[in-house]
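Let's start with one chain on its own, the form predicted on its own, as structure tokens.
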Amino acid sequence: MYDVVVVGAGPAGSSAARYAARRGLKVLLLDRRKEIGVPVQCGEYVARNEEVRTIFPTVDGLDDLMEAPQRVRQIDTDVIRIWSPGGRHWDIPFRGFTVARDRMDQGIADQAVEEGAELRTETTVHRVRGKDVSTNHGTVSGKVVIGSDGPRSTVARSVGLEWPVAGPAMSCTIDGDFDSGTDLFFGNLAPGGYAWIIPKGACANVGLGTWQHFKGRLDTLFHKFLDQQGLPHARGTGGYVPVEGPVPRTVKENVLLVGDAAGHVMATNGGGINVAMICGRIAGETAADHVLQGTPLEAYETRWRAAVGRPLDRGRRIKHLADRFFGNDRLLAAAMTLLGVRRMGRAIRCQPLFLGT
């Protein structure tokens, strides 16, 4: 019997394991992959702490929380360049940096182990029933089970919690000489979503994501985008990304959901690493409070929503507003011109577009 079983060793799950183990709990961290963080399925972009404090002003302890991403920091990028369908662009000041995502994930998992957690890789979870977690290597038990196993979470499905609304995405790394701006391209080249070029020094993370109802071949859109940018074709890795923010409920019985499994993503920019780690820490600390002090697990729902819920909900509403224009490139370009730099910057930060909203 473990105090906490964490399913999925991404940024959210490993952060949860780290902070639960720090409190002295017996923690087991499971991941289905042989090598943590491989393959990379992410834009590998992290907001700097000063931006996070602006977006989520009540969140503290960021230097400790973000230690592992800082260790694998590659280049700083101070501008997000927004491209309209017609080729016009706006430079939005936004402070972030790129990372080697596989090494970042491995670093956070290592921190959890250093704090006392036990890590098992190549372990696939089949179902959760009460305290029992059934895997390909037998059954383990946990007083608390934390599902951080992605937007198609086995943990969530096992206990009847909703999956987040998610759309397909694909990305790859391409060598070349790129400037330090992060480029986001909008329009029918990526219906309901956007394509990106995120610089990493002598290479860039290049990808494309679309909305949940897309029925075509994503690789066709992806390679068309590469052609438009004059980039060589490369084989991308694909997956699903939450596109409409958190699910309605992230706690049921002894189960907590965190990260992509809970929809902990900023709907206006697709950013999930910072939010996942913030909520992972809250999940780990709430699990510890439950085991050590009898705090109801429902406190997790209250705590993460108090920390990040309002901006995430505002981002969802801004995304719904933007969806009205995504089907028509001319309307979208006009809307972007109307918004301008200041309001697009507020949208990226999930802030009200207009005063009083």
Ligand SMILES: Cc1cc2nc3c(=O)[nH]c(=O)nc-3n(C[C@H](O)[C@H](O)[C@H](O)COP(=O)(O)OP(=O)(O)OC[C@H]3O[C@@H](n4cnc5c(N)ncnc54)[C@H](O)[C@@H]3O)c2cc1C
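Counting begins at 1, following the sequence as shown. Model, not experiment: these values are computed from the prediction.
The protein also exists as the form predicted in complex with this ligand; that form is not presented, and the subsequent description refers to it.
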| message | Since the partner isn't included here, can you check whether this ligand sits close to all of P93, L184 and N328 in the model of the complex (heavy atom within 4.5 Å for each)? | response | no
| task | Spot the stretch among 32 to 40, 58 to 66, 308 to 316, 288 to 296 with residues whose non-hydrogen atoms come within 4.5 Å of this ligand in the model of the complex. | result | 32 to 40
| remark: Partner-free chain; cross-checking this ligand in the model of the complex, the single residue of F225, Y240, W211, F178 with a heavy atom within 4.5 Å is Y240
| task | Would you mind picking the one in A109, A169, A204, A156 that has a heavy atom within 4.5 Å of this ligand in the model of the complex? | result | A169
| Close approach of V128 to this ligand in the model of the complex, 4.5 Å, heavy atom | no
| task | Using the partner position in the model of the complex, report whether P199 sits within 4.5 Å of this ligand, counting heavy atoms only. | result | no
| message | Quick check on V7: any heavy atom within 4.5 Å of this ligand in the model of the complex? | response | yes
| Taking heavy atoms and a 4.5 Å cut-off, does Y45 contact this ligand in the model of the complex? | yes
| Within 4.5 Å of this ligand in the model of the complex: residues from 332 to 347 (heavy atom criterion) | none
